[in-house]
Every structure is written in C-alpha cells, then in structure tokens.
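Presented as structure tokens, the chain that follows is alone, the form predicted on its own.
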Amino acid sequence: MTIHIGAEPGQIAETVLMPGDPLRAEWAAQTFLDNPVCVNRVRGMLGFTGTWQGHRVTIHGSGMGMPSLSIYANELIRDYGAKTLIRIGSCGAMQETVGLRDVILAMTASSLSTPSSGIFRELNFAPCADYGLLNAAANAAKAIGATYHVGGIYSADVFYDERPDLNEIMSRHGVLGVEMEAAELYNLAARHSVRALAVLTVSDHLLTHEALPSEDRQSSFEDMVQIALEAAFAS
C-alpha cells in the first residue's frame, strides 16, 4: 500500500491503463476485462485489475491534470512495478483535419510546465511516447478501421485557458490536440525506463467549437481502449 493507492502487493499488473476519470476506469474494466476486481478506492480514485485475452491488466484513474497523474504514475511505477502505462482519455482537436471521435496517438507532448520542470530546470526536455507502443497502436487502429492521427499534442496545466494566441501558434505548428496529462506521463516513463503512450479520443474541437454530448462520449471511447490494449500486448 502507498499513500494514495490501497492495493496490496501483487494486485497491480505490469500493464496499466490510466483514464483521468475513476468512473471511466470502472466502465472500461467492466467492459473490457474478465473478472475485474477493485484494488483501490483511496480518495475515490478507483483502480481495477483483471485479464484481457489472458493478460493481466490494471485500469486505474489518474485524476485531472499533471500533478494528479504524477502522484499515481510515480506510485504505480516505483511501488507496484508497472512497466507499461497508457493514458486513455479525451482531448480537444486543434486541426481542421481532426474530427470528433477521431483517435489521436500522441508521439510527443509539449507543455508550458510540468511537475518535472523543477528537475529539468533550464533544459527544455522533449517528452515522447515509446515507439514500440506507438507503432503497435497505429497498427491496431488501422486494423479496427478507426480514424486516427499520429503526431504532437499539447498538455495544458489549466482547463479554462485564456491564451488564444498560444492556441493559434500551436495549431500553426501542427499540434493535433490538447489535454492535461500526457507530458508528465512521458517524463516519468523516461526517468524510470518504462513504456508510455497516450491514446486519446477527440471529444471537442477548439476551432469549430463542436463537442460530443456527454451521453455519446462513453460509446465513442471504446475504440481508444481497444487500441490501447492491443498495443500493450502486441508481439
């Protein structure tokens, strides 16, 4: 057990999928895993371990934002031996060629700041995904016929953004979408020599101002979870 995770030793799998919303973790576990067991309820951050096609998998919430994800990812890696961590979550599109319900596979994650900024100090570290996971996820997306995009994203440290100038600059430089967690996940993966990837579903669009109704979001996320699981265990 750790300060924030109540699982006993051995209850967390080496492969962990991390949605931001703990209720989405519960939904994904019940939908995709065989015999899921709740292994964490501390502070309401639900985590479940079960099997997918015979492979042990944990699906554990990360909370919103990089500071929250950093806490859980650190403990999952350092105290429970997680080796593969895949963020599954929503994002906002920043390119006209990216549509609602599309899947974004984040090759890189830019940010203004992360919890790791104090370690890097003057260095502008470039956090990126594990190439093996990224390639496997692209193959999985293609196999199920999902509309997907591979490229850079932006991990914001605020939700209510008031920097339209920055959004315009990122769009001009090809950034596909914005979310709030991946950059720190990639930093931690590099630091601890584990694999990480963010597989994201577009739920809203910064340019067109379209958005999925809340009732449509859950059904639209199934491709994302399927892609993440296929990528994690690709041979």
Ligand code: HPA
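Bear in mind the structure is a predicted one, so any value in this text is a computation, not a measurement. All residue numbers refer to positions in the sequence shown, first residue = 1.
In what follows, reference is made to the form predicted in complex with this ligand, a form of this protein that is not presented.
Shown alone, this chain has one stretch from 83-91, 105-113, 131-139, 145-153 that lies within 4.5 Å of this ligand in the predicted complex by heavy atoms: 83-91. Only one of Leu206, Cys38, Met45, Ala190 comes within 4.5 Å of this ligand in the predicted complex through a heavy atom, and that residue is Leu206. Using a 4.5 angstroms threshold between heavy atoms, Phe159 counts as touching this ligand in the predicted complex. Using a 4.5 angstroms threshold between heavy atoms, Ala29 stays clear of this ligand in the predicted complex. Among heavy atoms of Val178, some come within 4.5 Å of this ligand in the predicted complex.
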